[in-house]
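Quick heads-up: it's one chain on its own, the form predicted alone, in structure tokens.
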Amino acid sequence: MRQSWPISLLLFAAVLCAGCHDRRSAVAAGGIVSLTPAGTDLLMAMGLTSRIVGVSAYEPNDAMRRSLPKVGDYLRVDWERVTALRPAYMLVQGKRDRLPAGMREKCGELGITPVVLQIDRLADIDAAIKEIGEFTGTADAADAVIQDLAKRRAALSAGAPATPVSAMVVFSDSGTQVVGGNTFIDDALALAGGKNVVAGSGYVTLDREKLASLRPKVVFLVLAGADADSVKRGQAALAEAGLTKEAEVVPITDADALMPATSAYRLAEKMATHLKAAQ
């Protein structure tokens, strides 16, 4: 008589086979390696999680980081692992004309299409979603996400203070690295009803004397994924610069708080709550 397998082995085999089937299905459908956490967020928002076969080492999403192979990052790709995964697409974020040396050529050798998402401003998120919808053949899903974000923008605009509240965004526990204009974070701040007190564009480093002269009503201390000690250091640095005398300091430590994806709207919504209270 043939002996039956123990139930535990049967369950293990079933799970293993299911995992293999999911991976094969993802490859057949056009598997995607995402070297950009923002790209991973957008793929998930569009219902394309099953097509992601590898992520970057900096992926903030716990479930994705634990369950999928890590294939490096924008500058250091584990090509051996990527080759084994056999993706159809490689998603990266940056300037379209500044891919790391050899990346496009290596992708060509492996039959992988590199897709570069350039996301500098809040409006670029919609463009990135549309681009993902085009190469994945999921234009309807892309439109649905874009419409949802449009509703969130409308709700934020409708609830914003009549007079913008002076504010700034600090993104280091030294207190000296701040967000200027022409960035997606500045766009999020404006959408939430804030007026950025930092002059200049991009991500700026200011000395303590300059920080003390800005006099915002609200300071958002955005330290993505930071622990309590980092927050305390940031608060102490802002106090030393004199920013806590008149301003409310609001720590935000969500792991995806500085990510140019749907999480930028969560950041704006958190900002809006505090800006309304400060008006």
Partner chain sequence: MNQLAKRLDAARWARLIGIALLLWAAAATVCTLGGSTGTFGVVTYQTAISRLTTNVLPASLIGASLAAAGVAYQAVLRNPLADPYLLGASSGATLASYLWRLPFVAAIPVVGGLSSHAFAMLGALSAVGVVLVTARRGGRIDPVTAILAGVIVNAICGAVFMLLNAIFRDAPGSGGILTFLVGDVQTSIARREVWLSAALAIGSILSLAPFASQLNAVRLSEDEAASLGVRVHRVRWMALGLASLMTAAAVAISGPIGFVGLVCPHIARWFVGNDNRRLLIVATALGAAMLALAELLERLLLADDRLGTLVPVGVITSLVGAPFFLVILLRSRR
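Positions refer to the first chain, counted from 1. In this text, all values refer to a predicted model and were calculated from it rather than measured experimentally.
Separately, the form predicted together with the partner chain exists; it is not shown, and the next lines address it.
Practice problem: With the partner chain left out here, work out from 122-130, 146-154, 171-179, 188-196 which stretch has heavy atoms within 4.5 Å of it in the predicted complex. | Solution: Checking each option against the 4.5 Å cut-off leaves 171-179.
Quiz item: Among 159, 102, 108, 137, which has any heavy atom within 4.5 Å of the partner chain in the predicted complex?
Solution: Flagged contact: 102.
Exercise. Examine residue 77 and determine whether its closest non-hydrogen atom to the partner chain in the predicted complex is within 4.5 angstroms.
Key: Yes.
Self-check item: Contact flag, residue 258 vs the partner chain in the predicted complex, heavy atom cut 4.5 Å
Solution: Residue-level check for residue 258: yes, a contact with the partner chain.
Practice problem: Report whether the minimum heavy atom distance between residue 217 and the partner chain in the predicted complex is within 4.5 Å. | Solution: Because no heavy atom of residue 217 falls inside 4.5 Å of the partner chain in the predicted complex, the answer is no.
Quiz item: Does residue 164 make contact with the partner chain in the predicted complex, using a 4.5 Å heavy atom cut-off?
Solution: Heavy-atom contact with the partner chain at 4.5 Å: absent for residue 164.
Quiz item: Listed by sequence position, which residues of 128-161 have a non-hydrogen atom within 4.5 angstroms of the partner chain in the predicted complex?
Solution: Residues within 4.5 Å: none.
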